[in-house]
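Single chain ahead, by itself, as structure tokens, in the form predicted on its own.
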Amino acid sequence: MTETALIVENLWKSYDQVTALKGVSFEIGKGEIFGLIGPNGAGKTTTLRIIAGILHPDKGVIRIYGKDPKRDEVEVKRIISYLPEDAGVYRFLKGIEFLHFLAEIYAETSEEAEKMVEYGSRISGLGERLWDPMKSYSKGMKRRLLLASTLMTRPKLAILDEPTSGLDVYHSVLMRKAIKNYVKETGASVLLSSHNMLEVEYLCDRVAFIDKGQIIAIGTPEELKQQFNASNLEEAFINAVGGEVEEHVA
């Protein structure tokens, strides 16, 4: 592995009587797209939220490009971005106004802000619809704009929870290509969670299977398919958990 972008070591998190994470550990290299895969309630979103600084772990270590998110909070916030699965938009803003709003927060100069907006506009693929209020957007259009706004700030680590949720096949393919091209152009890293195994196989250099708050396997898609004698990642995950996927809590 090249330079390490993210280290997650022995992460624990509980909600009341439910232990959501039980010693989760993995690393992501610079320029790597890493997938975190598991059923609902397995601990994926909790892990992403902790790395993004939204939740605090009960125990564990996180390092983002060698920095401690607690001690170096401001610096870390400048080099990461997070797209939640349930992210919303400002309904009465136009799409282009939304991009300008975020660019002005992150950019240090007006020139840098304009470049961010130009890049975000291109990634979104919304064209003239950027000048319409976002309350008129479909779910897929909102998702495209949100993914574009996440990448336009040029984060060194992008954290994406179900990045193509709500998109049709055509626009899902476009967004996957945008993510791939972003990593290729910038050398940044991506941590993503997705239920779409085709998407995971296309995008991810390596994948971690998580179940009941624990990492049960890590490898490239091909390595995992070979390890668990499967023809695809979905089958590999089922085999990895012993052929049974239970309904999880939290």
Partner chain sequence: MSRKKSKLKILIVKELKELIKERIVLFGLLLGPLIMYAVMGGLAGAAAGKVVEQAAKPPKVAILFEGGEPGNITKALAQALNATIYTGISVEDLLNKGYNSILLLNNSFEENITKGIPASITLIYKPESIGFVELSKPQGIAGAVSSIVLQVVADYLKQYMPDISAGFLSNPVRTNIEYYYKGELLTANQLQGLVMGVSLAIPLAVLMTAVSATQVAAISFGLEKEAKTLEKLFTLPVSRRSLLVSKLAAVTVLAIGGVLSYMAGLYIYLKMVERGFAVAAAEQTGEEATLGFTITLPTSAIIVLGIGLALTLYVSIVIGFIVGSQASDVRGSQLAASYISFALAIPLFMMFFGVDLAQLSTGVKILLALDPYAVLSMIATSSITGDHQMVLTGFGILVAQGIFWTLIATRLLSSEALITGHPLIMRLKKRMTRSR
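Positions refer to the first chain, counted from 1. All figures in this text were calculated on a predicted structure; none of them were measured in a lab.
Below: the form predicted together with the partner chain, not depicted.
**Q** Among the candidate stretches 176-184, 162-170, 74-82, 119-127, which one is within 4.5 Å of the partner chain in the model of the complex when only heavy atoms are counted?
**A** Going by heavy atoms within 4.5 Å, the stretch is 74-82.
**Q** Even though the partner isn't displayed, in the model of the complex is Ile216 close enough to the partner chain, meaning a heavy atom within 4.5 Å?
**A** Although the partner chain is absent here, Ile216 would stay clear of it in the model of the complex, with no heavy atoms inside 4.5 Å.
**Q** Wondering, does His195 line up within 4.5 Å of the partner chain in the model of the complex on heavy atoms?
**A** No, His195 sits far enough from the partner chain in the model of the complex that none of its heavy atoms falls within 4.5 Å.
**Q** Just to confirm, Glu97 within 4.5 Å of the partner chain in the model of the complex by heavy atoms?
**A** Judged by the heavy-atom cut-off of 4.5 Å, Glu97 is in contact with the partner chain in the model of the complex.
**Q** Is Cys204 close enough to touch the partner chain in the model of the complex, meaning at least one heavy atom pair within 4.5 Å?
**A** No, Cys204 sits far enough from the partner chain in the model of the complex that none of its heavy atoms falls within 4.5 Å.
**Q** Are all three residues Leu55, Ala87 and Ser110 in contact with the partner chain in the model of the complex, where contact means a non-hydrogen atom within 4.5 Å?
**A** The answer is yes: all three residues contact the partner (heavy atom, 4.5 Å cut-off).
**Q** Is any part of 92-106 within 4.5 angstroms of the partner chain in the model of the complex by a non-hydrogen atom, and which residues would that be?
**A** Stretch hits, in order: Phe92, Leu93, Glu97, Phe101, Leu102, Glu104, Ile105, Tyr106.
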